[in-house]
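In the form predicted on its own, a lone chain appears below as structure tokens.
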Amino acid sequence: MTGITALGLPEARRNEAAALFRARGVPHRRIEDWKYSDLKSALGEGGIGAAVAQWQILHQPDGVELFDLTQSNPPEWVLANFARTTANTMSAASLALSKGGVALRVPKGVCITNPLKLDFTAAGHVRALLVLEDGASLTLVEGVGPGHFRNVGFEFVLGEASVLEHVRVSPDAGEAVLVEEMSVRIGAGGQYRAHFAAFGSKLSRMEVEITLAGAGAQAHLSGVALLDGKRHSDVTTHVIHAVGNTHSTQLFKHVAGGNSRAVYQGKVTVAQGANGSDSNQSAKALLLGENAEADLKPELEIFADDVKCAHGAAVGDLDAESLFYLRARGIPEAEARGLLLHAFLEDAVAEISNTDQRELVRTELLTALKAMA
């Protein structure tokens, strides 16, 4: 084994991850966090395999440093931040089985205006690390390429007063099984804004754990899922307010038609002593047919006083009066339904502050809506 796993990192981290995965195995529906997304059944007898997925940088702006994790002699910033958390089962699998990946850094005080475009492709396991040092800023556009099964373990480290906008677009991937585990740690005054647009696959799951580790840290998550056929999309989040005076929001909108299934599980934990924490999470879904399903599960766990926390979830269908209003004005039914669905999803898309990326997601949604009409 060459590169970071052999020369840079203590082999104990890899061994610990391998032991954890061996003990737990592939997640299945009898595990509470995975009861809506049975990964073991979706994979079948082939299991998770040991293939190595690929990554590619489509655009690397000036000022962004890159280290290929298959190379020897990793720099200190990689050693200090790579593979620090392995408690997540599938993240442990990616660490134990991947033989490479990519590490990226924006140095202290550097503000990158052009987006960094990163895609994960092919099948297998891969790791990634993104470090924003104090006062740095970046927009990351993450693409999800085809692959029968892919497992991505992605770590983000945001220094004090750093700002990251992260847009992830996962197109309709057919019969693929795609999972990604993200670990995000945010320092004092840092901001992480993420939007996840998903169009489903046989099973897709994005699992995010965010730690607000410094006073003034913020995390703002939004996402849309537009599903048809037998597509499945799962977003599972856990935001930890480790200290006080931190702020988080979550807004997710789902549209499910055919025999598809949309899942949102959102947990917010306010640690003991984290007074002044402010959190709000909202998840809504529209079902377009009798066989479509949406499972929305917001959850709060509070161990502090003087906090402001709210959560809500709602599942329904298109408003009949609004549809009648549009049709009465000469708008064909398919077009009227598309307009209402677009309006339903729009406030989540509007959370994307970068204009170009907002329009990218909006265009993908409009294309998918036309296909569903």
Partner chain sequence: MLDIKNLHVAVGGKEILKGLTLSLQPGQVHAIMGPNGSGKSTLSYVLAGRAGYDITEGSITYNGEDLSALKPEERAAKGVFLAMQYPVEIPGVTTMTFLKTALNAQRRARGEPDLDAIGVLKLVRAKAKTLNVSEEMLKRPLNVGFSGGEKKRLEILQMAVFEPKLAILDETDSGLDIDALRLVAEGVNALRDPSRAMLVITHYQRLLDYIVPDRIHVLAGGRIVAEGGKELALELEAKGYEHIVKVPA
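Positions refer to the first chain, counted from 1. Nothing here was measured: the structure is a model prediction, and the numbers come from that model.
What follows is about the form predicted together with the partner chain, which we do not show.
- Stretch 332-340 is the answer when you ask which of 332-340, 309-317, 42-50, 64-72 has residues with heavy atoms within 4.5 Å of the partner chain in the predicted complex.
- The partner is absent here, but in the predicted complex a heavy atom of 326, alone among 304, 26, 326, 31, sits within 4.5 Å of the partner chain.
- A residue is said to contact a partner when one of its heavy atoms sits within 4.5 Å of a partner heavy atom; residue 56 fails this definition for the partner chain in the predicted complex, lying far away.
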